[in-house]
Every structure is written in structure tokens, then in C-alpha cells.
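Let's start with one chain on its own, the form predicted alone, as C-alpha cells.
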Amino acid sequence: MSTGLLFALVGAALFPMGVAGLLVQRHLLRRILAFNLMGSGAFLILVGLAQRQDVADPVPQAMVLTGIVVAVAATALALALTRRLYALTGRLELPDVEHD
């Protein structure tokens, strides 16, 4: 088994765990962590599938590097909004929405 295939398989295992965490958890910090886990799985899949005969393709690596920067910025925004919600409501869960 090559390292690229191992990375892709680990990423394929992490992605559904992140999706399950987003769907099951109500606590916002846990949802943010699940979203980051899902992103890490996608990055591992991209890096793993980009290797051919133990030679890495630089284009997917550049895409993953850009994705990591965007993920850090999105995580910082999500944490800032979570902190603001906690300051306003004192809770770290989204309020229930009532349907008419």
C-alpha cells in the first residue's frame, strides 16, 4: 500500500466522521471541530490521490495549502461569531426555530 493511498483512505474515514458530527452535535464548538475534521479529510483525500508513483503533483498541493488558509480564516470567523452569541445569550447552542 502506497502512502498516497493511505492518506486517501484516512481522509475518506475522517470526512464522514465530520459530517456525522455536524448532524448530531448541537454544541457550536463541537460543530466547528467537526467541520474542521471534515475539511482535514478532504485535504487528505486530495493530497493522497495527487501522488503518482511516489511523485507529488504540485497543483493539488497548492490547492490544499490555499484550502488550509481559508479553513483557518473560516474557523476564526466561526469562533468569533460563537463568542458573540455566547456574550448575547449565555448559551453555546443555536436557538430553536419555530415553523409557522
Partner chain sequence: MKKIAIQLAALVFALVLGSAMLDLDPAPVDLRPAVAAHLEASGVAHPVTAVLLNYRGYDTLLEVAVLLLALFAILAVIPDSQTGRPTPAAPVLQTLARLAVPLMLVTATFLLWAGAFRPGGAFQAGSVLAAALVLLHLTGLLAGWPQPGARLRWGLAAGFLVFLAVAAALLLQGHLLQYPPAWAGLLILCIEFALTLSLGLLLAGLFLFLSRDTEGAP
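Residue numbers count along the first chain shown, from 1. A quick note: this is a predicted structure, and the numbers were derived from the prediction, not measured.
Another form exists, predicted in complex with its partner chain; not displayed. Remarks below refer to it.
Undergrad: Checking a candidate spot here: are Ile32, Asn36 and Pro95 all in contact with its partner chain in the predicted bound form (at least one heavy atom each within 4.5 Å)?
TA: The answer is no: none of the three residues contacts the partner (heavy atom, 4.5 Å cut-off).
Undergrad: Closest heavy atom of Leu28 to its partner chain in the predicted bound form, within 4.5 Å or not?
TA: Output for Leu28 is no: heavy atoms all beyond 4.5 Å of its partner chain.
Undergrad: Hey, in the predicted bound form, is Ile45 touching its partner chain, heavy atoms inside 4.5 Å?
TA: It does: once its partner chain is placed as it appears in the predicted bound form, Ile45 has a heavy atom within 4.5 Å of it.
Undergrad: So which bits of 50-78 sit within 4.5 Å of its partner chain in the predicted bound form, heavy atoms only?
TA: The stretch touches the partner through Arg52, Gln53, Val55, Ala56, Asp57, Pro58, Val59, Gln61, Ala62, Met63, Leu65, Thr66, Val69, Val70, Val72, Ala73, Ala76, Leu77.
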